[in-house]
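Have a look below at one chain only, the form predicted alone, in structure tokens format.
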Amino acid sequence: MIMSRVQRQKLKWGLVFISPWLAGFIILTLYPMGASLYYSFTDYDVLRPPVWVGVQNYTVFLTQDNLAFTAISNTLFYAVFSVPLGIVVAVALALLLNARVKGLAVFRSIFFIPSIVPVVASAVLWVWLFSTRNGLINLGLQAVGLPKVAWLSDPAWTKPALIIMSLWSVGGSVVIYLAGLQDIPQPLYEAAMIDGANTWQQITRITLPLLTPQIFFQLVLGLIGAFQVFVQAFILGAIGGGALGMGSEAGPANSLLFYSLYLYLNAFRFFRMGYASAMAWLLFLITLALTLVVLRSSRQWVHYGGA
């Protein structure tokens, strides 16, 4: 197709205006991704030139690395429990905050503020809350006659502590669910009440089905975020206790050795940059596969208005 002079002028000026974005995308995104893919097939420690080793990094991680299974199992445990719990808590809060009560704006702000607190600051706050000696959570347990829990020093409780911590920042999800709730037509509820439906029936037959697009969106983001947990595990692990051969960041008995944390340690503590690059691409493939599974399953349970 031959472009006219005017079309060529428009194309030229269009490229001129998007050139800063194109340069940033190529230099800061496309090139690092390509370099990472290349390094994943090499033995590279940053200090010396990379040496091509083929798929050795991938083979070692999948078949010979004893800590790989620990990192994957810890991450899967966190994802399986934190993502559904986060959705349930966020939907429940959205339902409560959608009620017409006095001072509703204040309550909405209170629940949203934790989601904008920096992750490091919130993690340090929760370290204090989880303190075995004088943490508020253990003081509350003692007040009702329950024993203290070693949240950050007992391997059995470190991941549950992290899951509880993740529920504190569901405010962003609550806002999305609130928007979805307010988009549901009120005549549907009026018709249900005329037919004798109680509150629970209205929630299960009207609210939740029409809220599935927002639930689906948060499920995908939650899965991606769960496989990228790093800062929270790093801070809780560093204060919670030492690990076996990994430094304090991995928590007691490596109970907080999440995939992203193990990747970080390989890259910036052990300087196994090629190995870490292979881990990064495996993480990308795992996340992509899970996302595609959720996308495919959405045809059976996600209901869009008018569809």
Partner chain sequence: MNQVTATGLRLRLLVSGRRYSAAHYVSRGVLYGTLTFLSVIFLIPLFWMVTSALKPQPQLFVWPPVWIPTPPQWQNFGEALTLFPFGMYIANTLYISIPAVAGTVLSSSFTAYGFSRIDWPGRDKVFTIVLSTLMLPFAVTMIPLYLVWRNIGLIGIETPLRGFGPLILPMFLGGGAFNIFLCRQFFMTIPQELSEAARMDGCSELRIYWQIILPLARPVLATISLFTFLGTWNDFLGPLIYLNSIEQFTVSIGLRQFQFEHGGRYDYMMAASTLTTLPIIALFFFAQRTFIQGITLTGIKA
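Bear in mind that the values here come from a model prediction, so they are computed numbers and not experimental data. Residue numbers count along the first chain shown, from 1.
Only in words, not in the display: the form predicted in complex with the partner chain, which the text now covers.
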Heavy atoms within 4.5 Å of the partner chain in the predicted complex: which stretch in 69-77, 169-177, 202-210, 153-161 meets that?
169-177
Is it true that P84, I184 and F216 each have at least one non-hydrogen atom within 4.5 Å of the partner chain in the predicted complex?
no
So, in the predicted complex, is T291 in contact with the partner chain at a 4.5 angstroms heavy atom limit?
yes
Any non-hydrogen atom of V91 within 4.5 angstroms of the partner chain in the predicted complex:
no
My question is simply whether I235 lines the interface with the partner chain in the predicted complex - judged by any non-hydrogen atom within 4.5 Å.
yes
Does the partner chain get within 4.5 angstroms of any non-hydrogen atom of L188 in the predicted complex?
no
Where, within 133-158, is there a heavy atom within 4.5 Å of the partner chain in the predicted complex? Residue list please.
N134, L136, L139, Q142, A143
